[in-house]
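First, one chain by itself in structure tokens, the form predicted on its own.
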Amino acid sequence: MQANIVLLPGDGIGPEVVAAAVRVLKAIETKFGHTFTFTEELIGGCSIDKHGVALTDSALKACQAADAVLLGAVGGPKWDDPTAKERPEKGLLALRKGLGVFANLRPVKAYPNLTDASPLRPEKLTGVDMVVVRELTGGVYFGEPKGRDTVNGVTRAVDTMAYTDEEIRRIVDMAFKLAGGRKKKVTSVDKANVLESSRLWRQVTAEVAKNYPDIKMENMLVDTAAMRLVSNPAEFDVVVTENMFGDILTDEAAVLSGSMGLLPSASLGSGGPGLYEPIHGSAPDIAGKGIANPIGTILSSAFMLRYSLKLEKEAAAVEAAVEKTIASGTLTADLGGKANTKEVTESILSNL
């Protein structure tokens, strides 16, 4: 296997955790006889500082031409002016749109020896193993019209939540396909009692469900889903939802594992390179201290091996090495441990 991988380390702890994942990928490269070529580009605040924009056209073109893209994190207090025309997150949204990645897969798993790291009681975490499939290129983050106007001294801001039936159908279909290889259960999350876009979502989901008679499907309002995630999380298998709901619910679900630093994600489309990133932010308060948890990014690289490069054995090897490291108690401070980024990475490397 020869693969071209674009690295987007980004801001804060992004460069540290991406560097850790690259060490693991290079070990996989050597162990299994592959050739990975890494190219680095800027995104987020660091790109604003150098180029004036959060993602340049040349960086986007490099990503589009790659076999896969590995991202760290974007943002930080330095670029947190709400009146700024260019914000780090704008680069992330442009990247997702430019790559055509419409489905974001976020697995949430409870590890037996990390139950004390979660605020939930240990018995609530037994059997927790779910995947949230979040629609990524539609909804209120991309809907038009969007903006502000001032009339008679009153300032009004508008964001539009919009979906087409095709946008809904493709993400829901992916969720059902994923459920077929798991526990055969899909929970579709919406706000159909209030939002017209959610009523369309529910209608299209029902149509797609007819194509998968062996899979159990349920609809759930987003406020109910938020409650059930902490009261009975083990009931979920595959959860599919729209962009903003998925953004919020997956951050809530992160506490089930014990730390956002553990959770990877894969953003996939109908073709072209996938985008892989941990779900955590840039954590500027610990950037440069060498104590960031690299596991979410390393597991994201395992997703990259599986989904973009079709290297299932290699992906499974990375995941097994991570599980052995967690079981050994080699953990960063966010999980109650004393290990630093380098020590966790080296433990994973030793377990490959």
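Quick caveat: nothing in here was measured; it's all calculated off a predicted structure. Residue numbers here begin at 1 and follow the sequence given.
Beyond the structure shown, there is the form predicted in complex with 3-isopropylmalic acid (IPM), which is absent from this document and is the topic of what follows.
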Revision key, fill the gap. As a check of understanding, the residue in Arg96, Arg170, Lys191, Lys124 with any heavy atom within 4.5 Å of 3-isopropylmalic acid (IPM) in the predicted complex should be identified as Arg96
Exercise for review: Quick one: from Asp223, Glu235, Asp80, Glu89, grab the residue that has a heavy atom within 4.5 Å of 3-isopropylmalic acid (IPM) in the predicted complex.
Suggested key: Glu89
Review point. Can you say which of 152-160, 134-142, 203-211, 183-191 gets within 4.5 Å of 3-isopropylmalic acid (IPM) in the predicted complex, counting heavy atoms only?
Key: 134-142
Exercise for review: Taking only heavy atoms into account, state which residues of 218-253 are within 4.5 Å of 3-isopropylmalic acid (IPM) in the predicted complex, ordered by sequence.
Suggested key: Asp247
